[in-house]
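You are given structure tokens for the same protein chain in two forms, set apart as structure 1 and structure 2.
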Structure 1
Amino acid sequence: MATQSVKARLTTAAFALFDERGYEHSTVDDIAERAGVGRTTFFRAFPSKDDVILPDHEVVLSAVKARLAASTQETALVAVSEAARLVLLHYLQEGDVARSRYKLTSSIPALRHREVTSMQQYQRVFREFIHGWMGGGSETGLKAELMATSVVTAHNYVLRRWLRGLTERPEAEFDAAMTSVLELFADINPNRSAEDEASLVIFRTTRQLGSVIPALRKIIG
């Protein structure tokens, strides 16, 4: 019977009880009893009651940190995108568990707060990473923060669409969203392009303006 770990048994027991009686009407005693363990053991596995709905949070957060750490100055943005994708993929792999959680976090404030907190933690990791990538100066603080929140927001947007059943291709939508976010910030990045700068060029010619201008118009489109 005890093939699953204690944590896993507690998690399934909790989700089942929350589904049957609702979150408020399921006590920690109930959860522990259904999992076949004592109440004390519950609080050893989870710091608080609401943590039971995000049992893999620490693992995923560590994976995100590891993915970011395994990057260079040139591949930083790819790392950000892929690290965020790790989070999405974890939810996708959870399947029905993720959808159950969504039902719960949508209706129970305490659980919504718990999920918001977890997203804040991802955001913090991204912010520190991006800020470090930008050099860590105070002039890039706001930009780093904006970028981090945007990445997390884009992730959440696609995730929520999938949870609501509004998309069959969450990964493709995620890539699109992430690309548009990174494009948004493209001009203020360290590896900057010259896209925004305009050059004024003056040529000397003996040809008539009347013949030159239509040709110029054609080039500029």
Structure 2
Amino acid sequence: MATQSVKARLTTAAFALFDERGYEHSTVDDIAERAGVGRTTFFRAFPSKDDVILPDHEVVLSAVKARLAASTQETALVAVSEAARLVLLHYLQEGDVARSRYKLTSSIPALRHREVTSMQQYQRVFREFIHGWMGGGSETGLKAELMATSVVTAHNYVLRRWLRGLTERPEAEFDAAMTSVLELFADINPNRSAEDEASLVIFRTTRQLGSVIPALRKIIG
């Protein structure tokens, strides 16, 4: 079995202590001691105790940016869906840590604010990408904002259902949610030429074919 990194050990120790003692009664020294490291090592890994709440935020955000950057004009919608999926998969892989975070952020306003700020960063990345895909003009700014908001809202809706134990199939629900988002913006096609050529976008879904075909017809014009 691979040895946990110092950052992972600190995160595991922190959430164990938060569950046992509560967030307010768990200090940096407590976390460092539980992880078997010194206080200085803690601050090399995290600027503050609050930062333990979202230990991999920057890593996941970078992965989202990289996935979007790897797309083309023709595959932009696929990239948006897959980039949002990366965020969901990270939470699913965290398992109990994600559920513990949800309890903490639901009860501690400062931590909730930090989580909301992180989601706003994702939304900004999606908005800037979508706006560029649409051409970057002043007339597409609102559409890009609305689409980015819809992507993040769909992701958060499915994530909250999983965190609350309301679904055992979060990935399938995410596919359905993203299909709904694409349906809302099916008339947006910046690649359409003067001759009204259409681009076909393929994405994964678990929905029945009969419900997907009308959305595809809208997308391909």
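C-alpha atoms forming the largest set that superposes within 1.5 Å between two forms make up the rigid core. Small disclaimer: the values here were computed from a predicted structure and weren't measured. Numbers given to residues start at 1 and step along the sequence of structure 1.
The form predicted on its own appears here as structure 2. The rigid segments shift between the two structures, and of the options I31, I130, H155, V52 the one at their hinge is V52. Interdomain rotation between the two structures (smaller rigid part relative to larger, C-alpha based, rounded to whole degrees) is 14°.
Core-based superposition between the two structures puts the Cα shift at F43 at 4.2 Å.
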